[in-house]
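Next up: just one chain, as structure tokens, the form predicted on its own.
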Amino acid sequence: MIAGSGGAVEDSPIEKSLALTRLYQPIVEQMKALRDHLHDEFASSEPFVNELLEHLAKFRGKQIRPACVFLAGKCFGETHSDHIRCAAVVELIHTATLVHDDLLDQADIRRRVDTVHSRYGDRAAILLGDIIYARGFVISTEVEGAARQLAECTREICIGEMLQVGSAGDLDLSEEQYFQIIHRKTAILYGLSCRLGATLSGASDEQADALERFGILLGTAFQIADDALDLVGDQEQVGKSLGTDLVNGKMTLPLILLRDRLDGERRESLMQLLEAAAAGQSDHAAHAKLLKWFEQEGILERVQQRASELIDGALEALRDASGPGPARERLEELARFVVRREL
């Protein structure tokens, strides 16, 4: 996503995915303009900062949030330079949270490369995330009315992360508390991405509200799927450190559903397993036992159903806001793509 002074912009994983290539077909030019914009913004004359930014360029992922800015905009008209700026800011906010999240989770791999803190240390990771946030806020001031919304969204994301840190080890965490956390730490940035894109293209307040709801539900479903992948995914296929939720004592939806499904000795056994994992005492046998429970109780199917229900609500909101067209069609496909990820 970001390259430093004189650095080459790497081919995006977007271009390596046929599904996303099709999804992003109406916004190819906008996505290229986004990459060029971020490259120019992050040219640094400081060698060490430049080295970190070059490393961070390898983290470029699906770029779903900026794509939402562009596709939401195209539902109501043409996109312009303010869409590029806002898309850049939401991608920068997301990237900064990844740098800090990897540190908080002590994750070693992100998109098949070393995380920033594992290669350069904790202090460098904290400061690099701060630099990215700061640059994003500067860009946001160039778009009328956007800076406050983006700053408030970032504040909510940080509060969501703090709530998750504060709830670590709470094996009695409720579904309601879980959804409050992922709403703040993940879903609202999707929602704001869609709202900004729509508003900048002339959508009414009601239409912008509906697009924001679409984004929030999309982001919630995305996080549910991501949490499931952390427990059952293949690290080589996913391309990042997995199992960090167990180690950090995070109760995500699959674990909450399983906890509430089991009773008696099996529930007690699960609680002991979770306590041991958070204490760094988990092993392959314990993980295999967890996966067996998931299979026996149909937990992954229930998680998939929850995500699908959220996507159904998202699609309803989208169709209420916008008439048929290529951009709306791609947003619909993007929503379905989120829940098709292999669990």
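As the structure is a computational prediction, the values presented were derived from the model and not from experiment. Residue indices: 1-based, along the sequence shown.
One more form of this protein should be noted, the form predicted together with another copy of the chain, which is absent from this view; the next part is about it.
Though another copy of the chain is absent from this view, in the model of the complex it lies within 4.5 Å of a heavy atom of just one residue from I131, L255, V232, L270, which is I131.
Here the chain stands by itself, but in the model of the complex one stretch of 86-94, 219-227, 161-169, 260-268, 161-169, has heavy atoms within 4.5 Å of another copy of the chain. Contact with another copy of the chain in the model of the complex, defined as a heavy atom within 4.5 Å, is made by all three of F48, V138 and A151. By the criterion of a heavy atom within 4.5 Å, D209 is excluded from the residues contacting another copy of the chain in the model of the complex. The shortest heavy atom separation between L290 and another copy of the chain in the model of the complex exceeds 4.5 Å.
Mapping the unseen interface onto this chain, A277 falls outside it, with no heavy atom inside 4.5 Å of another copy of the chain in the model of the complex.
Not displayed here, another copy of the chain is approached by L52 to within 4.5 Å at the level of heavy atoms in the model of the complex.
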